[in-house]
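To begin, one chain is listed below as structure tokens, in the form predicted on its own.
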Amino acid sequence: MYSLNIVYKQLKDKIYERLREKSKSTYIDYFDESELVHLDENDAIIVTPYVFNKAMLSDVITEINDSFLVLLNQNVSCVIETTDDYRKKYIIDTITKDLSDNLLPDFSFDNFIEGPSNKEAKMAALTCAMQPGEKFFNPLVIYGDSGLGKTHLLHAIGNYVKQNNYDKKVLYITSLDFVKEVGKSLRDNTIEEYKNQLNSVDILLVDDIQFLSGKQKSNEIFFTIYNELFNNRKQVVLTSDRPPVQIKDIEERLKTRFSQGLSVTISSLEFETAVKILELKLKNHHLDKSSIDCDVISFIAKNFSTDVRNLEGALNRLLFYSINFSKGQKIDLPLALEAFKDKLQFTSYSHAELSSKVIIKAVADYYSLTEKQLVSKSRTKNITTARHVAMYLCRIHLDNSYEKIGDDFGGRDHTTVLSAFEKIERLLKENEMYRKIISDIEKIFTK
């Protein structure tokens, strides 16, 4: 198999010799921006960006063909094309004909459970699907923790476009798959074909864009693809586990491009949304709601709603336990508590007088830490966050002074406690996840 770059470098040396022999040296400069993109036993294709350059190279096609014969000892008929014509004639039609969109048909807007935590993201995704390529929504970036429905919305966009815009070409891909394809294409010397493949789509859906972090060559390739799509009013939709500006080790010019459209977030599930999701999952299992007590649905929604996957996993565990141990009886709360006895290990505080020690123990249990870790000097992120939460709860439930709380937490200065309190107070206003954390811990030491 030929290495096109090496062959073309050697070929140009032969061509230049022949052009000088025939006093045609003025043609040499027009080879600078040309590229050999195809070569087999009989045919070759050289591309150049400009129509004028094509005309000049075509004028010395005899010298080019003669040089192929000298270099490869075989008759090769060469064609000169502009880059645009080459893409239209040889690449796009072939690629798009066989292009798989990778969409999962089960994900739609109809079966996406909407709630306060994801309403904005769903509205943005639906508007994007209805009006792909609109500048205000291009790119659309949906970010949030894993398991909250970002991938569902990507597929929903693609499926909606397929159903309502039959002339639009859609492609869903994860950023990890993109990185793998870039690596493979570079090794096989087919990177231009791969770029053309992505440039040919109308809706590009890229999941988990944060995994481009640290992949310099993939950053460069994606930048050129994004610009091509954006400049041609093609729609790009991205998901990430964090806002684009917070993705480390990714090119600043990419962050700028990602931020020029619309960014929306999905936060942790609220209780009501979790209940609706569980009811839909029961329906998908062909189970009537009457087969399970409402208290059980509430129990799962309260304790396993960190994300949709966790929620579905808890329901599956309960159904498995019911099938094997309940003898077909209705699923009630005692059965659920038995099914999850190893999952819920919080201590009961119902008879304990509320104190800083009780709150510290409750927070430590919630974060799977020891009380010693919580009052230690450790600055590990998860320990620091848990410590700040405990300080906040001591302040609002015990009304202890900042100095007293500082003493209870290893002799810390009152300004440290004040800073922790203000930080958690601010996060409670901004982040639904922290409101849920505080609520869950309060249930532990007040039940």
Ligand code: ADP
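The first residue of the sequence shown is number 1, and the count goes up from there. Fair warning: this is a prediction, and the values are worked out from it, not measured in the lab.
Not pictured, yet referred to below: the form predicted in complex with the named molecule.
Undergrad: Under a 4.5 angstroms heavy atom criterion, identify the one residue in Asn111, Gln373, Asn227, Asn75 near the named molecule in the model of the complex.
TA: Looking at the other structure, the residue within range turns out to be Asn111.
Undergrad: Please identify the residue among His285, Arg309, Arg253, Lys168 with any heavy atom within 4.5 Å of the named molecule in the model of the complex.
TA: Answer to the contact question: Arg309.
Undergrad: Does Ile277 reach the named molecule in the model of the complex if we count a contact as any heavy atom within 4.5 Å?
TA: Residue-level check for Ile277: yes, a contact with the named molecule.
Undergrad: Heavy atom to heavy atom, is Lys195 within 4.5 Å of the named molecule in the model of the complex?
TA: Result no; Lys195 lies far from the named molecule in the model of the complex.
Undergrad: Given that the partner is absent here, does Asn118 sit within 4.5 Å of the named molecule in the model of the complex, heavy atoms only?
TA: Asn118 belongs to the contact set for the named molecule.
Undergrad: Is Ser291 close enough to touch the named molecule in the model of the complex, meaning at least one heavy atom pair within 4.5 Å?
TA: No, Ser291 stays farther than 4.5 Å from the named molecule in the model of the complex.
Undergrad: What stretch, of 144 to 152, 373 to 381, 257 to 265, 298 to 306, brings heavy atoms to within 4.5 Å of the named molecule in the model of the complex?
TA: Comparing against the named molecule in the model of the complex, the contact stretch is 144 to 152.
Undergrad: Heavy atom within 4.5 Å of the named molecule in the model of the complex: which residues of 414 to 433 meet that condition, in order?
TA: Residues within 4.5 Å: none.
Undergrad: Given that the distance between the C-alpha atoms of Asp145 and Glu425 changes by 3 Å or more in the model of the complex, do they end up closer or farther than here?
TA: Compared with the shown chain, Asp145-Glu425 is closer in the model of the complex.
Undergrad: Between Lys429 and Gln260, do the C-alpha atoms lie closer or farther in the model of the complex than in the shown form, with a difference of 3 angstroms or more?
TA: Farther apart, which means the C-alphas of Lys429 and Gln260 are at least 3 Å more distant in the model of the complex.
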